[in-house]
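Presented as structure tokens, the chain that follows is alone, the form predicted alone.
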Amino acid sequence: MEKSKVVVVTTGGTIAMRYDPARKGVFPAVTGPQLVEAVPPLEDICSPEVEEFSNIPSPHMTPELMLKLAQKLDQILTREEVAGAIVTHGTDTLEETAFFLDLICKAEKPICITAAMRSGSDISPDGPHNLLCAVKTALSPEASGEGVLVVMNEEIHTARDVTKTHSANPKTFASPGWGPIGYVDKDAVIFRRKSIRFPRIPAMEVISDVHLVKMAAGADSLLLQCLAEKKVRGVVLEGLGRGNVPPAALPGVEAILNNNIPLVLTTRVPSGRVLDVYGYPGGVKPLKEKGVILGGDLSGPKARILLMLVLSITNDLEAIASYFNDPGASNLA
């Protein structure tokens, strides 16, 4: 019986790094074929093929590279013999790349992203097992149509929900408020819920001039005023709690809106939505009435990714706002 073909697309990250004693640090050092060779059981379950896209630390990943990666994946997955694709990636920006690919990739075949928190020169590196679990997930019939999935530490997460929660612990990726969509056991890949995805965006380019500003106690308008004066293409504002903003930041919000710059409001809280509950100055209710777009339960970085892609197809503020409507919400108001 012929084995299913899975293509492993490598981009770099800790999974492809080793400690260099001369430079006293961890650096890119492992090729794509070497990553696959480090997981002998792969040959027992599939016919692996390797595509080396890049070998960079994930802080070097950009939305422009994400677009090229999406195009590469769509090209690979049009091949009839390919059952699914794996992307190996660094953990620092993995959730942004996953969400970007989920919004733009055309293929319904599985795309699974995996990584490592420990380099190949560490004791008990986690990369080989994560890669094996990602391949098993991509070969699972239940993974088809679920969008881009992040497979780490034997857990399967949706691109929309997942985030990095610890700077060093291998059990760093979680989906706050929702939990994983499934998990990988020794003998089976088990799914426990379906993913709810944003509509695919037919973007052919990325508008990178979109900026993320985080609110804190006593935050003022300095950064927002600077962005307004620069006439940037878009701003995402991470508010407090339900999305509320300190009073000193309101002149900056006004400046952004007066320049017809789309302003998307999220919350710095790991779980929950922004909502127009509070009516005091800086509360979400008056902000929404002024034209601020509510970003639902998206994190600031993911809302920025969505705004970058939406701006590539429309500048209409109402149309932009429609893309931030939560596809899993039923309005009871």
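Note that this is a predicted model, so its numbers are computed, not measured. Residue indices: 1-based, along the sequence shown.
The same protein has a further form, the form predicted together with a small molecule, not shown here; the description that follows concerns it.
Shown here without its partner, the chain carries 13, 17 and 90, all of which come within 4.5 Å of the small molecule in the model of the complex through at least one heavy atom. Among heavy atoms of residue 117, some come within 4.5 Å of the small molecule in the model of the complex. Of the heavy atoms in residue 58, some are within 4.5 Å of the small molecule in the model of the complex.
Between 185 to 193, 229 to 237, 213 to 221, 90 to 98, the stretch whose residues reach within 4.5 angstroms of the small molecule in the model of the complex through a non-hydrogen atom is 90 to 98.
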